[in-house]
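In the block that follows, a single chain appears as structure tokens, in the form predicted on its own.
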Amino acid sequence: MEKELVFGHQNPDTDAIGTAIAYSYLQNKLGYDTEAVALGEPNDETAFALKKFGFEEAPRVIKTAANEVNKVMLVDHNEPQQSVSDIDKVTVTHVVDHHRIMNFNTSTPLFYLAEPVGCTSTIMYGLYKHFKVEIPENIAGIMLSAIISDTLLLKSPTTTERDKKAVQELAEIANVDYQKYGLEELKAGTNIASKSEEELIDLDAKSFDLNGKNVRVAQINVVDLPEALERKETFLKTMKDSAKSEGYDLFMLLITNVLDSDSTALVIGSDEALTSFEKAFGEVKDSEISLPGVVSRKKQVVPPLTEAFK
């Protein structure tokens, strides 16, 4: 059978990498020939999870796919601007996702499964059960890590009962206390002191086409919000430089405290884009706005922005 690559979105998080690993394993058990790859290096949190569950190496990073394969499978994304650079040169045969569907079309039929749950690995867990494929301990561990990451240890408003059930059952297979491990995992991803502003604004960032406007939303998790905001002016300068070079109409950096589930956002952009942003979230003062209880880009940021930019 012809080989296919399986991957998540650019600037991959634990769900993008972990679910790619899990889906590749499942598809290989079902008779496909696949390899899990990534569109970027793992962040600190993902690296912690991979090491914890015995993955000696992260999936290799690719820049293009068409030079290797004709077909690919996507997880944790569908929007072309978030995918591999030459996505238009390969055939997408499978998609498993938990985000909105936008600007996605194919010339041939495909398997597409999108469900409104907190994490793509929750959907993946259901697929394993559907196909009656046993989940190895390490695969259970990386799927568990993905759900913990995307739901902020089940505290995000994106969390569903299915996510909670999957966490409990995967933790049992992985032989860990998910509460204890989950806090360790989240904290592993909050060390920002050793990273430059350029690295941090690109660490977990996605671009969205909102009514013709190019909107960039980045997010970093911290345990000390005031310490992160000491770097505000440097963050803003770096965001402005990125917006100028990449053509972003709006750039939002969401800084989330994982311990209390509150965020502060730094925002820059054109006057028109900022007006739309304020329709969604309120007045921005000195390029900053407090967003209590906002932790989810998918559910609490992108939908109101989409509406405001109409």
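Heads up: residue numbers just count along the shown sequence, starting at 1. Keep in mind it's a predicted model, so treat the numbers as computed, not measured.
This protein has a second form, the form predicted in complex with another copy of the chain, left out of what is shown; the following refers to that one.
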- Task: Name the stretch: of 133 to 141, 186 to 194, 108 to 116, 227 to 235, exactly one has residues whose heavy atoms fall within 4.5 Å of another copy of the chain in the model of the complex.
- Result: 108 to 116
- Answer yes if any heavy atom of residue 181 is within 4.5 Å of a heavy atom of another copy of the chain in the model of the complex; otherwise answer no. no
- Verify the contact flag for residue 98: yes if a non-hydrogen atom of it lies within 4.5 Å of a non-hydrogen atom of another copy of the chain in the model of the complex, no if not. yes
- Does any heavy atom of residue 87 come within 4.5 Å of a heavy atom of another copy of the chain in the model of the complex? no
- Hey, in the model of the complex, is residue 104 touching another copy of the chain, heavy atoms inside 4.5 Å? yes
- Task: May I ask whether 155, 157 and 160 all come within 4.5 angstroms of another copy of the chain in the model of the complex, judged by heavy atoms?
- Result: no
- Query: Can you tell me which residues in 271 to 310 come within 4.5 angstroms of another copy of the chain in the model of the complex, by heavy atoms?
  - Reply: 298, 303, 306
